[in-house]
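Next up: just one chain, as structure tokens, the form predicted alone.
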Amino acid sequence: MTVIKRIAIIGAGTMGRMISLQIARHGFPVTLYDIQSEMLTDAKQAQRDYLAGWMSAGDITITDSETILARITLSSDLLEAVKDADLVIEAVPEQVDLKRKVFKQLDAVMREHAIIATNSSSIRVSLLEDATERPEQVANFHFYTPVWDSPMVEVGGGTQTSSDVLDALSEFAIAIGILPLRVQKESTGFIFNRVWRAIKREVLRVADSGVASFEDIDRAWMIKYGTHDLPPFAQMDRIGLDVVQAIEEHYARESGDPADLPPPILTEKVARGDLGQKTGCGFYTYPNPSYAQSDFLKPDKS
């Protein structure tokens, strides 16, 4: 069984920077790669901000912070990033063609024994594995955001993935403080996202059809289930509305049903560039969204 000691992350977006920080926090050296140097700069600052928050909470010391950062190498050279890696985790946008292109590039430069894992939230491994010459070493390794507040990862294979690879990924997940959830059968959306997708699809439809405002849908959710986690529309803002749209379009391609396409309430925002927290505007406006205000759930006394 492959022993995972060195890791590379492909893609320095929200998930890539979080996964690499979680890995480094638990003592492993990790290289974070992105083709865009500005993404690496943004990732480094975001990681410093996360660490500052942990220090403020008393979870780590300044020495811990410096040690964690020292374990993370930033690179815009793909060969340099993956040449020593036992595990490479792809965290690029949810586009099958893009992921296949990345897998093919990785297959050509990675070590023979190394595992290629996708952090895809919906795309089945069988749609990606034949882009490589090592389908038995291709797997799904899907984290949730924020990684440290949702400490679970879905571990699943394709049509040829070795059980040893899945075992190695599960052991590595435990080593970085994450609970591995085994996906026993291929399924678009895997485990949690199949459930979340049903919720996401329906709340978008309810708001798009004019039955209720997105704010009132979120209010209903928060009152019913509590405020310890984000309600659906706030959750989509955090994920990124462009990511949500890409996932919904993938489901529609899988089903062949036009009814599965994302509704205008989502696609029009994406077309305007209102992508959620990362752009300052999505369903809510940031950095001070109304759902986070003390009066969001109070009865109107006017």
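Bear in mind that the values here come from a model prediction, so they are computed numbers and not experimental data. In this text, residue numbers run from 1 along the sequence as written.
Another form, the form predicted together with nicotinamide-adenine-dinucleotide (NAD), is not on view; read the next lines as being about it.
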Notebook entry, point to check: Does the trio T14, I35 and M39 actually contact nicotinamide-adenine-dinucleotide (NAD) in the predicted complex, every residue with a heavy atom within 4.5 Å?
Noted result: yes
Margin query: D86 versus nicotinamide-adenine-dinucleotide (NAD), in the predicted complex: is there a non-hydrogen atom within 4.5 Å?
Written below: no
Next item on the list: Give a yes/no on whether E94 approaches nicotinamide-adenine-dinucleotide (NAD) to within 4.5 Å in the predicted complex, heavy atoms considered.
Entry: yes
Margin query: in the predicted complex, is there a heavy atom of nicotinamide-adenine-dinucleotide (NAD) that lies within 4.5 Å of any heavy atom of R25, even though the partner is absent here?
Written below: no
Check: How about V102: is it within 4.5 Å of nicotinamide-adenine-dinucleotide (NAD) in the predicted complex, going by heavy atoms?
Finding: yes
Next item on the list: Heavy atoms, 4.5 Å, nicotinamide-adenine-dinucleotide (NAD) in the predicted complex: which of 237-245, 251-259, 264-272, 57-65 makes the cut? Say which one.
Entry: 237-245
Check: Between the options A220, L98, A212, M152, which residue brings a heavy atom to within 4.5 Å of nicotinamide-adenine-dinucleotide (NAD) in the predicted complex?
Finding: L98
Check: Is any part of 129-154 within 4.5 angstroms of nicotinamide-adenine-dinucleotide (NAD) in the predicted complex by a non-hydrogen atom, and which residues would that be?
Finding: H142, F143, T145
